[in-house]
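Presented below, as structure tokens, is a lone chain in the form predicted on its own.
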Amino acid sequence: MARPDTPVNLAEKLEKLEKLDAYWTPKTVMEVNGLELKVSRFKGEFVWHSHAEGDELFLVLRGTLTIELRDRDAVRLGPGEMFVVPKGVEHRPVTPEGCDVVLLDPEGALNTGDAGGALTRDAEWL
């Protein structure tokens, strides 16, 4: 676990991420002010879910990501683009070709939020 006052090389973390075959399995890089900075690989369709504990930020590093939202039009993101899903908003990430993302979530937030199920993962440290 990285202490808040310890440098973290994000490029090295992303190299490790690229070697992983597991999709929808977030890896924590750092914690700050009750938030977890995570990296993950996505591919396919995730489950519809929401997060009651806080907002969720998605920053696309590689590939494209569509975030489907129940209450409005879907948002499509490419490399370098980011979007915040507000607390409590039901959403579903979709990426047929796959993408790599940075996530910012409240500490301890599950990737499947309130939905649970087979894709639920506790974020492990990378």
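Everything numeric here is computed off the predicted structure, so don't read it as measured data. Note that the rigid core is defined as the largest set of C-alphas that superpose within 1.5 Å between two forms. Note that residue numbering follows the sequence shown and begins at 1.
Just so it is clear, the following notes concern the form predicted together with a further copy of the same chain, a form of the same protein that is not shown.
**Q** Run the contact test on G44, V47 and G88 with a 4.5 Å heavy atom cut-off to a further copy of the same chain in the predicted bound form and return yes or no.
**A** No, the whole trio is out of contact, none within 4.5 Å by any heavy atom.
**Q** Within 4.5 Å, heavy atoms only: does A115 come near a further copy of the same chain in the predicted bound form?
**A** Residue-level check for A115: no, no contact with a further copy of the same chain.
**Q** Is G80 close enough to touch a further copy of the same chain in the predicted bound form, meaning at least one heavy atom pair within 4.5 Å?
**A** The answer is yes: G80 has a heavy atom within 4.5 Å of a further copy of the same chain.
**Q** Report whether the minimum heavy atom distance between M30 and a further copy of the same chain in the predicted bound form is within 4.5 Å.
**A** Contact with a further copy of the same chain, yes.
**Q** Within 4.5 Å, heavy atoms only: does R72 come near a further copy of the same chain in the predicted bound form?
**A** The answer is yes: R72 has a heavy atom within 4.5 Å of a further copy of the same chain.
**Q** In the predicted bound form, which residues of 98-112 put a heavy atom within 4.5 Å of a further copy of the same chain?
**A** Those in contact are L104, P106.
**Q** With both forms fit on the core, is the shift of the CA atom of A11 between this form and the one not shown 2 Å or larger?
**A** After core superposition, the displacement of the A11 C-alpha between this form and the one not shown reaches the 2 Å mark, so yes.
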